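Taking the form predicted alone, here's one chain by itself in structure tokens.
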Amino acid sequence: MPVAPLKLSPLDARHRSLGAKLTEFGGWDMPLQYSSVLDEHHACRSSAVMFDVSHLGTLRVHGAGAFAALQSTLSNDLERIAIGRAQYTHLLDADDGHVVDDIIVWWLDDEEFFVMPNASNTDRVAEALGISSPPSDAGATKVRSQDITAGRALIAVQGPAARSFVKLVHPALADVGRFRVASVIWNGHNLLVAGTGYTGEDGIEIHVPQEAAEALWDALSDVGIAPAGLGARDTLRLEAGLPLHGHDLGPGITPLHAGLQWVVGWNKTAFRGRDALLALKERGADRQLIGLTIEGRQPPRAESEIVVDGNVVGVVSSGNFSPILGHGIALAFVDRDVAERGGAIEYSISVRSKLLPARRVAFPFVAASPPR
């Protein structure tokens, strides 16, 4: 069976001209790093960087019944927010409630939303929403769903100085608050901007039409914002204790396992996976996601075993070296009785056939820097 060619970002030429190291990610050819993951990570924590995250999907869901379609499908409660706001939510499996995908929803206007899945899940999310494109005339609703991923770029500017920099490109870019959404006209182009990100730092994400993507990237670069790749984005999100789909979320992992009960609208009468999740809430999840640290530069890796009192009690779901802390950190799923046990527990993580002492800590591993 022929392998589909990798998709290219509208900013692909810019990445190649900068000498970026490219890698496959969710079916896209994306920049892993430009200079080094370590340098780009520190630049985000101390100043600001920009990421091309165009590999993320964008489904425009609009028309009469769009709110109802999303509200009855996704886990979080849209009644908690309003037009001009963004919300983190989950698409759950209908049978067992595991996280099929974690999603950001931008509520743009009355019955108009951007639904933003992970790169490889766009088609799956569109199918789960059960929305036809073009819309069906059957019934009273005429909800449209358009995959507009290919027609735009998505640039994330992150870091404590992010707003100071983007203000130099357009003052309105700096005014979009945390988890707020706004429209900004720049050089005759309509940019949609949200106060969201995946680094634990302050910042914004900019949805820019494909034809203006390179010009905006250049404008951001001209005011001093350095590019960063997906390698730094991953170490940043890990330090912030943010889950990654395919590691900390996915088959066998519900919001309850991941400690994300707040992503569920428990008072909603219906959403996909609700019955399974309520049953699990009643009996309790068998595993819980915790944070662990180890001394030294040796990083724990996904699938490394967690050992307590000589018994394997869990497994690392995400692990790496923390550039800020200078030692290894990990997200790990451990048995509920261990996670809930009182008193001091001596954890160990198996790294390259050696058991390294580990210490349980609360999330985030690294707190965000004050904006400036």
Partner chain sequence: MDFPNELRYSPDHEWIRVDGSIATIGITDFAQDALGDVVYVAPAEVGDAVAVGASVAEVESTKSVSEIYAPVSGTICERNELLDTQPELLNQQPYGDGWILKIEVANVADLDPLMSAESYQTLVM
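Note that this is a predicted model, so its numbers are computed, not measured. Residue numbers count along the first chain shown, from 1.
What comes next is about the form predicted together with its partner chain, which does not appear here.
Q: Report whether the minimum heavy atom distance between G195 and its partner chain in the predicted bound form is within 4.5 Å.
A: Looking in the predicted bound form, residue contacts with its partner chain do not include G195, since no heavy atom lies within 4.5 Å.
Q: So, Q298 and its partner chain: in the predicted bound form, are they within 4.5 Å at any heavy atom pair?
A: Taking the distances in the predicted bound form, the answer for Q298 is yes, it comes within 4.5 Å of its partner chain.
Q: Give a yes or no for V37: in the predicted bound form, does one of its heavy atoms lie within 4.5 Å of a heavy atom belonging to its partner chain?
A: Yes - in the predicted bound form, heavy atoms of V37 and its partner chain come within 4.5 Å of each other.
Q: Find out whether any non-hydrogen atom of F321 is located within 4.5 angstroms of its partner chain in the predicted bound form, and reply yes or no.
A: The answer is yes: F321 has a heavy atom within 4.5 Å of its partner chain.
Q: Could you spot which one of V307, L32, A43, L56 gets a heavy atom to within 4.5 Å of its partner chain in the predicted bound form?
A: Contact residue from the list: L32.
Q: With its partner chain left out here, work out from 65-73, 313-321, 43-51, 336-344 which stretch has heavy atoms within 4.5 Å of it in the predicted bound form.
A: Result of the contact check: 313-321.
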